[in-house]
Ligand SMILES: CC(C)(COP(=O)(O)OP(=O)(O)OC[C@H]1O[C@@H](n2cnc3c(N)ncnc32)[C@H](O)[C@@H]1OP(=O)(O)O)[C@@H](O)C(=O)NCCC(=O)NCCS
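Single chain ahead, written as structure tokens, the form predicted on its own.
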């Protein structure tokens, strides 16, 4: 029996669990700091908090962090790595991933996503539903490419950046670290670290 522990009993966690079931994992159990108030997510049990998982790692053939916040996901994965857990990468059977692409440990590739030849993903990345990462793209650790977003060839994305739903990025563009690209934005020029960009073309977001 293959047993998978998922950290993060949320909407994203349900999507990850659904992908894991499609991949044939026999037993899926969640761990979340909302326990013991939260004891079940859909039909999957929530067995304890994160500390409880650390005490029971030997019970699982695989572990994955399914938390949307990029920094939290990457930090918890690093702690699990330090504890010697069996971190896994999940590729939904409905995704299309080139055999010449490289996927980092703890990443999840969801239904309808496409990753093309010589694309490289760091660890703990999310390539969400129907997103596309074209040839020769380079994504650092903890990147999230949201549903329907598209990265053209040769795009680079820095650590823990978030490309919003339906956004598009022109070929060979460099996106820095800790960047948020707003939903539906069109990126046609490099984006500096640590800022939020919105619009067509994407520009720094200015609060009124």
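Worth saying up front: this structure is predicted, and the values here are computed from it rather than measured. Numbering follows the first chain given and starts at 1.
Below, we turn to the form predicted together with the named molecule, even though it does not appear here.
Looking at 44-52, 27-35, 153-161, 179-187, the stretch with residues near the named molecule in the predicted bound form, meaning non-hydrogen atoms within 4.5 angstroms, turns out to be 179-187. Although the partner is absent from the chain shown here, 128, 147 and 198 each have a heavy atom within 4.5 Å of the named molecule in the predicted bound form.
Interface membership of residue 173, defined by any non-hydrogen atom within 4.5 Å of the named molecule in the predicted bound form, is ruled out.
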